[in-house]
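Presented as structure tokens, the chain that follows is alone, the form predicted alone.
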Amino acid sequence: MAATPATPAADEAYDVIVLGAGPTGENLADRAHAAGLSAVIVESELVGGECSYWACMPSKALLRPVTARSDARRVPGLRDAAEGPLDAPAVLTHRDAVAAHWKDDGQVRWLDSAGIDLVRGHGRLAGPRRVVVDGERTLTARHAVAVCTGSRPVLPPVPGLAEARPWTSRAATSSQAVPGHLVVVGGGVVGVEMATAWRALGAVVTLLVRGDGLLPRMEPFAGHLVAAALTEAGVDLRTGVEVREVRREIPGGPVTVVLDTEDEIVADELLIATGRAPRTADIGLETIGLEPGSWFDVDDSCRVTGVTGGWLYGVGDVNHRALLTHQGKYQARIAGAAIAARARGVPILESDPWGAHAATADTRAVPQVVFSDPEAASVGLTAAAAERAGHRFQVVDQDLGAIAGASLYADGYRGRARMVVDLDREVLLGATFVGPGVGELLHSATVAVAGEVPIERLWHAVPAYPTISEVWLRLLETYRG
């Protein structure tokens, strides 16, 4: 292993100590080390974190065969070849390989090659700039400690739920068998993606949503289109319902879900995907005057506010700014640069919202793709968010199915695009796309939003014909009248 040797006689000193070896922690340590600082990562589980083994990578490995088959079924000449069920064992085997069979040897080798030390164990703060690992080994930071421990699923306080040992996101992405009947509770990203995957792999799926639709953080039409597709795929989608009680008499046996409508559903597994909490309950926050289990309040450089000396950083999910792997990695690059600048006594560019030391995209240009069938992708503000923020704006919509490239992509292509334009500055505030393959459209929108590219200049960004990207031309034509 690449763990540093213990020296119990004295504290081990580093410039930067990172708690958590997920993508956020890895990127922060790498940026600090690249700037000439020494860095160590403390990790109690697998190097690579949630994304590599239980979230982004295995979930997309489950979903890619679903969307590929769906696309093939809508292409002349492939339709017949794509009929029939997915090969579930082959999909699960590939998923296992993508998750590196839940072994982190490759990630450890990368840390080693990057010159970053690894200490395995549970790290807890023990006062300013000090971290104790497993109660035995003490590390001290010359400049900064960065908490990159991520978040965990939360079970709602439903009678019998905890005792029933339901699936959370980890079990949903790592199951070695397709359940006969899966009940999914939650209409957000995890609920939608896992309902999509396990239904296509052969499970009977019931999706329960407390609100009136899916994907509530996106434009309403995104949830509507995805809901229609899930229903067509055979998912039993029920909105406006709540789980009142859960019963499981035998561990691993059938689970009974009792709804507030008095209906009861008996299934093989129950997935709860209704919320997350920060992994900060047992990292010693009480030793520095912070509340264990709380989200961190941070400035735009991800430095925790209210900590004397300014040495503590909360990066990634723990600060609740944007619970997405790519945003955590982005914050890590910003925080790593800020830590290095402060260590060298270089002024922080706090006056530049898009400078090297400010995670401005967290509030203005967060991109997200839901890998459902169809995909839903968005960046920046929705129309509702723009209204709440007080912008004077215009919404421009376009039927994606009317784009020439979409008709070539698949017969009967269904989708929609929207851009939200700031009328005072004539720049994009946000964009949303729903349809097959739209995830690859998103980065152009992200560049436009983050770069605050004037509409007049976007008019000169000519989309290649015949691609689905021609939707940009149609949106701009509509806006310009």
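The first residue of the shown sequence is 1; numbering continues from there. Just so you know, these numbers come straight off a predicted model, no measurement behind them.
Omitted here: the form predicted together with a small molecule. The next part is about that form.
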{"property": "The small molecule contact at Gln398 in the predicted bound form, heavy atom, 4.5 Å", "result": "no"}
{"property": "is_contact(Gly186, the small molecule) in the predicted bound form, heavy atom dist at most 4.5 Å", "result": "yes"}
{"property": "Ala341: touches the small molecule in the predicted bound form, heavy atom cutoff 4.5 angstroms", "result": "no"}
{"property": "Residue contact check: Leu323 to the small molecule in the predicted bound form, 4.5 Å heavy atom", "result": "yes"}
{"property": "Position in contact with the small molecule when the complex is considered in the predicted bound form, options Ser175, Thr274, Thr206, Gln107, heavy atoms within 4.5 Å", "result": "Thr274"}
{"property": "Heavy atom within 4.5 Å of the small molecule in the predicted bound form - residue from Val91, Val246, Val369, Leu139", "result": "Val369"}
{"property": "Candidate stretches 401-409, 224-232, 285-293, 190-198, one within 4.5 Å of the small molecule in the predicted bound form by heavy atom", "result": "190-198"}
